[in-house]
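Next up is one chain by itself, shown in structure tokens, the form predicted on its own.
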Amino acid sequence: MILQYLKYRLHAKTRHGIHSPFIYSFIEEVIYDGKTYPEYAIIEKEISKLKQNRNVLEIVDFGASGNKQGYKTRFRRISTIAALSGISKRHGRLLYRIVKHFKPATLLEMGTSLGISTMYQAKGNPDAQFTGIEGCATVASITRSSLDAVGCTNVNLIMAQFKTALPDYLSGLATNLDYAFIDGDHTYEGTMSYFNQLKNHVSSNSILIFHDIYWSEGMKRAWEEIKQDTEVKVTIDLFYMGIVFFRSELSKQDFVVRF
């Protein structure tokens, strides 16, 4: 990861040297937006409570760390989950700004965990129809409490495994999917399966964001294949996450942007 990050820093650009007006504007107005929005304080107050909560949950993990049976169970404090599994403040705020900027009406999050990233995104557009998928019911119950505490009434939580919940969710969509944040299954097979399903329900204005694109060799391989997909127009590599655009007016390009 250290070597990979050094390579990223070596190749990453700022907004200077970016010739695409759309990407330049996105970097300037969203990625490098240093304003302090009032929603940050509301969300981060609730996150602080989670990081101080020493209650213990039994966790069922269906992601890349699962065993041969496809899952494993363990006991973890809520504070530990919030500290180690929750998205960082810096990246959570970026997700908030992305949603606030583009105002997607239909949002999906795969891997809500305690809802830290969920709160940032849901607050970005309170009028959106937001669906979060979380495989562990004990975690989802805490997530619901946090979402209610910050006023995220627009979030519907689905407690199920991705492989069963995603096809059901997509088949029930009345419109295209405007936005999805994929986090929770960091395997090559899982990531490519979700991408191939999601891209059948996107429009030219849709955005897909993949978290931890350098987390493993499998994730790196998946990210490279996603970049090469013929339906993908523009990708932005921020190291900890990769952003995918399908906008038909853009020429095919891949950007590595310093964040």
Ligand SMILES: C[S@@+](CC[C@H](N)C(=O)[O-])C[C@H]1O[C@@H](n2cnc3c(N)ncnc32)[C@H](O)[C@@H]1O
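Here the structure is a predicted model, which is why all the values come from computation and not from measurement. Note that residue numbering begins at 1 and tracks the sequence as displayed.
One more form of this protein exists, namely the form predicted together with this ligand; it is left out here, but the text below deals with it.
Contact with this ligand in the predicted bound form holds for all three of Gly86, Ser113 and Ile116, each having a heavy atom within 4.5 Å. Within 4.5 Å of some heavy atom of this ligand in the predicted bound form lies at least one heavy atom of Phe162. Heavy atoms of Gly132 never reach within 4.5 Å of this ligand in the predicted bound form, leaving it off the interface.
Looking at Tyr194, you'd find a heavy atom of it within 4.5 angstroms of this ligand in the predicted bound form. In the predicted bound form, this ligand lies within 4.5 Å of some heavy atom of Val60. Screening 97 to 105, 144 to 152, 123 to 131, 176 to 184 for residues having heavy atoms within 4.5 Å of this ligand in the predicted bound form returns a single hit, 176 to 184.
Annotation for 17 to 37: no interface residues with this ligand in the predicted bound form [heavy atom within 4.5 Å].
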